[in-house]
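Presented below, as structure tokens, is a lone chain in the form predicted on its own.
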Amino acid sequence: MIDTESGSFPSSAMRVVRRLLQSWPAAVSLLILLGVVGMAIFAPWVTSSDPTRGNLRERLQPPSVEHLLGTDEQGRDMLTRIIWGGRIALQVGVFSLLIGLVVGVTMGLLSGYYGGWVDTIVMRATDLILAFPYILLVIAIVSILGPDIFNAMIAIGVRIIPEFARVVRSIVLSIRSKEYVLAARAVGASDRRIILRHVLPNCTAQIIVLGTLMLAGAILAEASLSFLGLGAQPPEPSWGTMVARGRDYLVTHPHLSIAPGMAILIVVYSLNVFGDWLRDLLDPQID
């Protein structure tokens, strides 16, 4: 328990801030991510244009003062569509991550704690999922369920499950024989209490780090599905769909594909950089 009166919490917070400021790539990445999240949440107030309604008299305009990133083939403002596309990317990424996190962490806890036939079933199930290439498995699931944002969330979430399950299982295997776990079992604590009060808290740091990296992968997978026509459907402003539709104008109007492509690159790269910094921060072997 943190003793707030003694100033332990403020000092810990200041230590995190100092570590963040010492790593300018992580600090810049965090600022970018906060900006993207803020624009996605407040998209209706950040932009006044309708991301799905076009004006053919303004189609294929280059970047200008009125349209900072130009307009697409239907006269829709590109900046507006990119901002709204960030909302879709984050929605799919976060909900997919939640699916993978809840199911995967639960499977990993049960597999590592009980072992035996439970461990065998869970690990063979994860091996089966991991046997398929990431994007091919996601495409197969979406093709069966149908092209839709909700189905894309399910497909990506299913592919994330083994990542959490295997990481959590490995951690549980290393701590289930620790003294505090054996002591809790000796005093008659139930398995549920031991798992939730003593085992799961020791997996939190690794889960947080893995979550940031999996979020980047989920956003990239959503863009890939939308690029192939299996994710967000027109006229929804998905980054992947925008890149796909801009292919026909790469020579004459390259901004149609470059702008959403850069949005994907910046967000995914920022998540990876920030995730690496979190890993170093939460690693007990690093001062």
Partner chain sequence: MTGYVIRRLLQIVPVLIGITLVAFLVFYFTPGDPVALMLGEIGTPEVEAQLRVSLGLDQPAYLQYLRFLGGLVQGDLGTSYLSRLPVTTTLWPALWATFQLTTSALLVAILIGVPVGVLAAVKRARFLDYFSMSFAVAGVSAPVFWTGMLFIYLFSLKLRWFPAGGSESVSSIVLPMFTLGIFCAGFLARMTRSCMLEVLGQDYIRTARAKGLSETIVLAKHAFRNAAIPIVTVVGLQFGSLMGGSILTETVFAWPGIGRVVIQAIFQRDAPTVQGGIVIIGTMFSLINLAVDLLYAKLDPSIRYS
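Computed from a predicted model, the values in this text were never measured in an experiment. Residue numbers count along the first chain shown, from 1.
Keep in mind the form predicted in complex with its partner chain is missing from the figure; the text below concerns it.
A single residue from the set L34, L250, V46, L56 has any heavy atom within 4.5 angstroms of its partner chain in the predicted complex; that residue is L250. For the candidate set I208, A140, V118, A189, a heavy atom within 4.5 Å of its partner chain in the predicted complex is found for exactly one residue, namely A140. Heavy atoms within 4.5 Å of its partner chain in the predicted complex are found in one stretch of 170-178, 89-97, 75-83, 132-140, which is 132-140. Judged against its partner chain in the predicted complex with a 4.5 angstroms heavy atom cut-off, the residues A27, S111 and E163 are out of contact without exception. At the 4.5 Å threshold, heavy atoms of G229 reach its partner chain in the predicted complex.
The closest non-hydrogen atom of P254 lies within 4.5 Å of its partner chain in the predicted complex. Put simply, M14 is far from its partner chain in the predicted complex: not one heavy atom of it is within 4.5 Å. In the predicted complex, its partner chain lies within 4.5 Å of some heavy atom of V268.
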